[in-house]
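In the form predicted on its own, a lone chain appears below as structure tokens.
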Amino acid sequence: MNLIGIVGTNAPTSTNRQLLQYMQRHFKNQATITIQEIADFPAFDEPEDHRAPVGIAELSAAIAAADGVIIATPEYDHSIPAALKSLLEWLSYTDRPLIDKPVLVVGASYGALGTSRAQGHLRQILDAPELKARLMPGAEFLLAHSQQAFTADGDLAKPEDAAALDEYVAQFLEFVEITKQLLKGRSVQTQQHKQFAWDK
């Protein structure tokens, strides 16, 4: 199974990047996770031709070809970082590769609450008609006190955190397979969703 892991921040140091790197190593026998940075992407500016810059267009194509997507988001001021929101705006305005794509949301935070508000907000955004990702309901992975959450080798320090993530990812991989079966033969409907416009 091929997954795209998006680092949801442009910060040079991030425990969300560490979390994705851990997942890439730890789940290598279950899935290939390709980590995607967003720091060099330009801010969304609503181009008239609806074409994305080269780097974003390449990411869009990779998402379209992947079996699913993992987004690791920090929490800034009760929401997601501006750089992540900008990327999602590019994707929704151009090729819309997240429509019907299984997406797993995870998050790491320095505080005690993990990224609960940011994850809730991100789920709302991903449910927008131009994004319309397939989100696994009823589960979250919130890594609190993330500065102390990793060992020197980059593994999760607490067995309970590792066990919770194992269960969450196992559920997601099953969710990806179920979604494939659900969407089999529905490519026309997906294309119709991609043609959505508010001004029609």
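Please read all numbers here as calculations on a predicted model, not as lab measurements. Numbers follow the displayed sequence, beginning with 1.
Keep in mind that the form predicted in complex with a small molecule is not shown, yet the notes after this line are about it.
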Option from 123-131, 95-103, 82-90, 108-116 whose residues, in the predicted bound form, bring a heavy atom within 4.5 Å of the small molecule
108-116
Contact with the small molecule in the predicted bound form for Q21, defined as at least one heavy atom pair within 4.5 Å: yes or no?
no
Can S14 be called a contact residue for the small molecule in the predicted bound form at 4.5 Å between heavy atoms?
yes
